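Just one chain follows, in the form predicted alone, and it is written as C-alpha cells.
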Amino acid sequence: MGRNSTTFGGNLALPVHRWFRYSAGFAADWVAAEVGRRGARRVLDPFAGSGTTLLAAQAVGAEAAGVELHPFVARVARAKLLWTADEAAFRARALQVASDSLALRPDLPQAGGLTARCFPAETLGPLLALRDAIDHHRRGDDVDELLWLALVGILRRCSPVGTAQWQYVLPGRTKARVALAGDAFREQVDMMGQDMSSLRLSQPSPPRARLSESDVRQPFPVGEDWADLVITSPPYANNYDYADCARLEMTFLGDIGSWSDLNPLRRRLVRSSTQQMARYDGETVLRTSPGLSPIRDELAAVYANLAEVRRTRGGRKVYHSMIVAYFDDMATAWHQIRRSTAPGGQVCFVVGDSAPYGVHVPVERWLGILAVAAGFHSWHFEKVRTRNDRWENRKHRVPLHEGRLWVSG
C-alpha cells in the first residue's frame, strides 16, 4: 500500500476507475483506506482529475466533493460519477448506437492534423460513425454522458500509433495490438455495465459525490469548514503540460484543432510548465506577490540559479519564471483549501520534488510552509518512493522523491 499509493496503475483493475485511463493519478485503494482509517465523513479533492478520490471516498461511505478546471478531465470525472444510472437503459441505447453506426458513412477530415496522423481511414470511419450515432441518440440524460465516456475511453486502444497515456502522442511509433472500433466499443460498454451492476449490489445507497468545474485559486462551490479530510495530487512543478494530457481525445471530438488551440486553457490552469509562461513577468511577481513572502528568499535564490543556468542551455526554457508562477498559484490555492477545511481537518498532497536544469526545488517543504501561512497548523512529509535514480538518458542526476505531504488544520 505504501509504495504504490502515489501511482495510478492499480486503478486499472478497479470498477469505474478503469473506465478511462488518466495517468496523472494515484491509488484509489490507498485513498479508501485513509478515508476509512480516519473516519472521515466529508472528503474534498481540490485537484480532482478524473475522480479517483471522489469514487474512493464514496465507496467507503463518505460524502465527497471535487474541483477540476480542465474541461475534458472534469467531464470524464462527472461521467464516472454516473455509475448509479440505469444500467439497462445504458446497455439498450449502446446497442442501438453500435447497430446504427454500421450504416453510417461519415465524412473523413480532408486536412492533416493529429487525428489523421493517429487514425487511418479504415479506423477513423467507424469511430466517427459511433460518435455520430451517439449524437443522434442523445436524450439529455445520464446515459448520454456514459456513452460519450465509452467512446473516448477506447480511442487510444483503436489507434495504431504510439498513443502514450501520459502525456505525449507519438505518431512515428506503432503498436503491435490495435482494437477494432466496434469490438472495443462493445467491450467497453459491457465492462461499464458489469461495474455498474456490481457496485449497485455493494453500494445500494451511495453517499453524494459531486464535482465542480472550477478554479481552486478562486472561491469554489464547497462550503466553509466543509471537509474533515482533503486528499489530492496537485500539478507537479516539473514541466508537464496538463492542458495537453487529452489532446488526442479533444482533437477527435472537435473541441480543438491544433496544439495552439490549447493556449486559452493553458493560461487558465495552475502554472506548472514553461508552455504557460508567455508574457509572464516572474521577476516582478517574485518581488511583489504577498503570497510568496514566506518562501521569498529561498525562492529568489533558486530563481537566480535557474536564470543563470538557462543562459548555458540550448532550449533556454523559462524554468525560473515557471517556478515562481507555480508557487504563487499554490499559495493562492492553499487559502481556498483552508476556507473549505474544517478546524482540525487533515490535508494530504501526493506530490514530488523537482529539479529543472538540475537545480533542486524543495516542493513539499515550500508547499508546507505556504500551507501554514494560509492558516493551517503544521505539516510533515512521508517519503514513499525515489524517482530519477536511474541515470540512463536523464537530463540531470539530482535524486528526487515522491510522497505524501500531510498538513494539519
Ligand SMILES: C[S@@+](CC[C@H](N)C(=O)[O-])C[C@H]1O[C@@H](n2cnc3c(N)ncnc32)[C@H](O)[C@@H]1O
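For every residue, the number given is its place in the sequence shown, counted from 1. Being a predicted model, the structure only gives us computed values, none of them experimental.
Separately, the form predicted together with the named molecule exists; it is not shown, and the next lines address it.
Contact with the named molecule in the model of the complex, defined as a heavy atom within 4.5 Å, holds for exactly one of 195, 215, 142, 132, namely 215. The partner is absent here; in the model of the complex, the one residue of 98, 307, 269, 285 having a heavy atom within 4.5 Å of the named molecule is 269.
With a 4.5 Å cutoff on heavy atoms, residue 242 counts as touching the named molecule in the model of the complex. Residue 69 belongs to the set of residues with a heavy atom inside 4.5 Å of the named molecule in the model of the complex. Although the partner is absent here, residue 24 sits close enough that one of its heavy atoms falls within 4.5 Å of the named molecule in the model of the complex. At a distance threshold of 4.5 angstroms between non-hydrogen atoms, residue 275 is out of contact with the named molecule in the model of the complex. The candidate stretches are 355-363, 51-59, 336-344, 371-379, and the one lying within 4.5 Å of the named molecule in the model of the complex by heavy atoms is 51-59. Taking the named molecule as positioned in the model of the complex, the residues of 217-246 that bring a heavy atom within 4.5 Å of it are, in sequence order, 217, 233, 234, 235, 242.
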